[in-house]
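Below sits a lone chain in structure tokens, taken as the form predicted on its own.
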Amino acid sequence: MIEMKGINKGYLLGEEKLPILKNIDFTVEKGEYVAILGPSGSGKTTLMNILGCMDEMDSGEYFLDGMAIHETGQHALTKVRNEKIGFIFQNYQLIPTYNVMQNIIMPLLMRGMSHQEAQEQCRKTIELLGLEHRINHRPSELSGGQKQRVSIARALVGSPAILLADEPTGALDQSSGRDVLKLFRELNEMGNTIVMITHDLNVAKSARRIVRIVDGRLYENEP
């Protein structure tokens, strides 16, 4: 599902280039649930941005679901982000003036799906996530755990190749965080491929495989 070979990425700091990712090799098979664990400043956010096709690598190769991302133009990458990747963010990134249904339906309408077909698909996902009783509520009327469920539903509704979660429990209390991680396990058991970025070992342990990123380098085991 994901194959990265020799990924390097740096940013200009004055006249010098500061290396952030250093020769990253990373593979995720279809149906895996992988946590990328690393402290602040380790390069995990930069890696997530490249995985999510939101940033370009300086060198290397990246294949997503058989597609050569490193050879794909920006216009085509917009379609890749909409169709192949479901994003789940720490701060939810919900539209505050939209209700639950309107927030979840957006990716489908952006694909050009008819409103009726999109609504039917949304309702199935909303039922799967247990949000039926909140369908007309706006984000301000939801708890943190409910907001994250809406975020997960929005990511899931278009049947993406991978779910990419960035610190998904970071803004939640312990109980809500456990519920979200339990939901991730259930979604993975249903066949969804999940890659989760986190700084928290206890959160990472909910995944079926952990890789660590330290100083821009990836390790399958303790470095």
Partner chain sequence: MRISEILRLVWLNLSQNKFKVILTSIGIVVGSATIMMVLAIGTGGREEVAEQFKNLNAGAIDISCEGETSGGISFAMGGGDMIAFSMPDNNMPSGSISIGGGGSFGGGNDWGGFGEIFGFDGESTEKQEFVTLTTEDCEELSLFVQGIADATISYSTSASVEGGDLDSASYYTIAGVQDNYDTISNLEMSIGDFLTEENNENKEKVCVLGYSVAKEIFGSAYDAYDAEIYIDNRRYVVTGVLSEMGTVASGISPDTAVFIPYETGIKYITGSSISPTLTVIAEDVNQVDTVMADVETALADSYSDSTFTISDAGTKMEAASASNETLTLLLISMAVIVFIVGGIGIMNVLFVSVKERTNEIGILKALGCSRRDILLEFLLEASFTSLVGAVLGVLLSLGITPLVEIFSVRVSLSVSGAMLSLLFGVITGSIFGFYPAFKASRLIPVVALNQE
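For clarity, every value in this text was computed on a predicted model and none was experimentally measured. Positions refer to the first chain, counted from 1.
There is also a form predicted in complex with the partner chain; it is not shown, and the following applies to it.
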- [ ] Could you check which residue among D55, E61, D58, E186 gets a heavy atom within 4.5 Å of the partner chain in the predicted complex?
- [x] D55
TODO: Flag L142 as yes or no: does it have a non-hydrogen atom within 4.5 angstroms of any non-hydrogen atom of the partner chain in the predicted complex?
DONE: no
Open item on the list: Can you tell me if R138 lies within 4.5 angstroms of the partner chain in the predicted complex, counting non-hydrogen atoms only?
Closed with: yes
TODO: Using a 4.5 Å heavy atom cut-off, state whether L129 contacts the partner chain in the predicted complex.
DONE: no
TODO: May I ask you to check whether K44 falls inside a 4.5 Å heavy atom distance of the partner chain in the predicted complex?
DONE: no
